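Let's start with one chain on its own, the form predicted on its own, as C-alpha cells.
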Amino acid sequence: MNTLVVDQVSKIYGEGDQQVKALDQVSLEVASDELLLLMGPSGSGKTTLLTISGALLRPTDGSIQVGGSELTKLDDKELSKFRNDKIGFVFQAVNLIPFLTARENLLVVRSLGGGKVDAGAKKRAEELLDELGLGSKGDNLPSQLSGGQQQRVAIGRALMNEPAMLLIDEPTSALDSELGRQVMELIRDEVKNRDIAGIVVTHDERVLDFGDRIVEMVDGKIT
C-alpha cells in the first residue's frame, strides 16, 4: 500500500515576472515500510516537496494523498489536525524546547494536538526514550544532551502520535560519520518496525545505503 501519492504537483511562488517554479509537475509514490532518500542540489525543490507532502504547504496544482486522504480537499483546520495526527516531522534544526526535559519535549506533542498527557501518553514517551537509547536521559534538558542525542529526541517527538509518515530534513548534517550512521540506522529501523513511510532529504552520500530507494531532484523536477 502506498502511504504517499504525489500526482503532478507544482508549486509556484510570486507573480508575473517574479514567478519562481519550485516544483514542476512532480509525481512520486512512497509505500509504507519504505525509506526514500531525496537528494539534489540546493534550490532543487527537495524541501518544498517535503513540506507539501507533510501538509505544511499547499501546492499550486496537483494532488497529494496520504493514507488515502486527499490533502488538497481539507480546510486549514482539518489540515492542521491531519498533520498532527498522521505526520511526523524532524527538521534540520531540531527545535527542541530548551526549558523542557527530553521527556517533556515528547509529551508536549500530545498537549499541542489537543490531546491529554495521561498515563498512556507518559508510557508511550518512556517506551520511545528507551527505544531510542535515551532511557536514562528523560530528565535532561536539551543543553545537557549531545547533538546525536538531541536528534534522537526530535525523532521520538515525531513518532509520539504514531504517524503514518515520517519526514526528515538533513538529519546528519551536523553529525560526524559515526553518529550520522547511528541516526540513519535508527530512522530506518523505526520506518520498518512501525510499517510507515519515510522520506529523508539529504546531501550526505555517506548514508545512501540506508535507503530503499534514492530519488534525485533538479530544478523542481524528479530526474
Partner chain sequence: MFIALREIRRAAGRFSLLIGAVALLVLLLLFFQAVAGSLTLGLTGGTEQSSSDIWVYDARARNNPAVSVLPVGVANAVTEVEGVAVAGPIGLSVFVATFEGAEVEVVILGGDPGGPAGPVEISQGDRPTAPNEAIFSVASLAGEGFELGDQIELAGQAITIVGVADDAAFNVLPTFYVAFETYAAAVTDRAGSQFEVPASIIGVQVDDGADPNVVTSAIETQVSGVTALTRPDAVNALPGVGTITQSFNILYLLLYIVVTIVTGVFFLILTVQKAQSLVLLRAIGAPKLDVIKPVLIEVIFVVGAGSLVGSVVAWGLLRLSRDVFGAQLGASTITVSVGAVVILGLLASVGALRRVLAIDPLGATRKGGIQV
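Residue numbers count along the first chain shown, from 1. Only a predicted model underlies this, so the values are computations on that prediction, with no experimental measurement involved.
Below: the form predicted together with the partner chain, not depicted.
Within this chain, L56 lines the site of the partner chain in the predicted bound form, having a heavy atom no more than 4.5 Å away. Proximity of Q150 to the partner chain in the predicted bound form: non-hydrogen atoms within 4.5 Å are absent; the residue sits far from the partner.
In the predicted bound form, at least one heavy atom of T47 sits within 4.5 Å of the partner chain. A residue is said to contact a partner when one of its heavy atoms sits within 4.5 Å of a partner heavy atom; N95 meets this definition for the partner chain in the predicted bound form. Scanning L134, L145, V109, L71 against the partner chain in the predicted bound form with a 4.5 Å heavy atom cut-off leaves one residue, V109. Although the partner chain is not shown here, in the predicted bound form the stretch 133-150 places heavy atoms of just one residue, L141, within 4.5 Å of it.
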